[in-house]
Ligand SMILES: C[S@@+](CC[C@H](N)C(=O)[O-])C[C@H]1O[C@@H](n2cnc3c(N)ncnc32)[C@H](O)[C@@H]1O
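So this first bit is one chain, no partners, the form predicted alone, shown in structure tokens.
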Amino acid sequence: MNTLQKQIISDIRKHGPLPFIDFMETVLYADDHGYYTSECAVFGADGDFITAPELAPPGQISLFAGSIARYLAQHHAALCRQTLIEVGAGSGRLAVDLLLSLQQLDCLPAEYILIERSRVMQQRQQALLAEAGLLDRVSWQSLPPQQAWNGILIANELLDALPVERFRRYQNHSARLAVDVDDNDQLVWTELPAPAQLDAQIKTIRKRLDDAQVDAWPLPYTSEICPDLVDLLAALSGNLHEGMLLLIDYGYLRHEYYHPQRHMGTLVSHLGHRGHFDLLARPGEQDLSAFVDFSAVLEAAASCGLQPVSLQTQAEFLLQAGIDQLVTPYLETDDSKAMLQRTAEFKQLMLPGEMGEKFKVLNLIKSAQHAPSGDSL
């Protein structure tokens, strides 16, 4: 039993069952002992999962970052040359590759800011950027800019790490899932009455789905809601005067997210590059994430004065950005190792069974003329 698990058990015994959303916040972000705040390896071959920028061979610019840089330079050069912000930069690999690519394209930003609240993650990012000779081009902040700014904000696999409410729907009522402790000091699931706000959110979801789909839900039906989307997007874009948010993550639109066949929700744990569903095991030592409801993200964006430009699969976006032009030289080279490495990288980014369809790219813009309307899409 690790330190964090002991603390969680003690808190539950004192205060009662812990709503899952609070459990998820704790195990991911608790000071010094959370998954993203401890010294545990998280990203890459030695961690628990590999993000798109880390698919590239060591020392090579990833096809993912190179494609994003091409897209920014070709379609949003004026904004890109102002401020470029990355939120939740993970290992720092995307920042390194974007800066190198944008330098090649003569489209470097005046400032590159990493928003990172984890001290451990900051240290890892600084080490990687220093190794690449780019440390002086980057600054770190724990919060988005508190003054007006123009430019572009990128978030790759940020939304899936937001804590979610887990609920269970019965015929005539909904329950809030929480974490309790049994007589053997094991963390176990329990149910609490759904608070009014959560109950209202569940009812709203059901109203916005087709009646036939809701009627087909097998009961009890378990799923998730992310209640912090509006607050997050408001924080990220509140002081943005003119610019763009590029959000990249795995997820679905609402009708797919709450499909009858997805009756146990989308939450998953990752440990040692294997996904599993023992969500309460080894708190602080394994990742917890939920797929993103992009319909909810679009609604939250509208309330923050952000206008959608496009919502595409990752494969569609990367093709539009010119990934084929980046990979072609490797297909024509006599270096068989490089060809095999880049082909494997390309397939993982693009194939439907890999990241190509599961991941989506949402492009949101904010202009000086557009004021928040509060309307939902």
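Position 1 is the first residue in the sequence shown; the rest follow in order. These figures come from a predicted structure and were not determined experimentally.
Omitted from view is the form predicted in complex with the ligand, to which the following refers.
Figure note: of the listed segments 114 to 122, 300 to 308, 183 to 191, 264 to 272, the one touching the ligand in the predicted bound form, with heavy atoms no more than 4.5 Å away, is 114 to 122. Looking at residue 162, you'd find a heavy atom of it within 4.5 angstroms of the ligand in the predicted bound form. Though the partner is left out of this view, residue 346 does not reach within 4.5 Å of the ligand in the predicted bound form, counting heavy atoms only. Among heavy atoms of residue 285, none comes within 4.5 Å of the ligand in the predicted bound form.
Put simply, residue 157 is close to the ligand in the predicted bound form: some heavy atom of it is within 4.5 Å. Among 198, 108, 279, 232, the residue placing a heavy atom within 4.5 Å of the ligand in the predicted bound form is 232. Residues of 9 to 40 that come within 4.5 Å of the ligand in the predicted bound form, judged by any heavy atom, are 29, 36 in sequence order.
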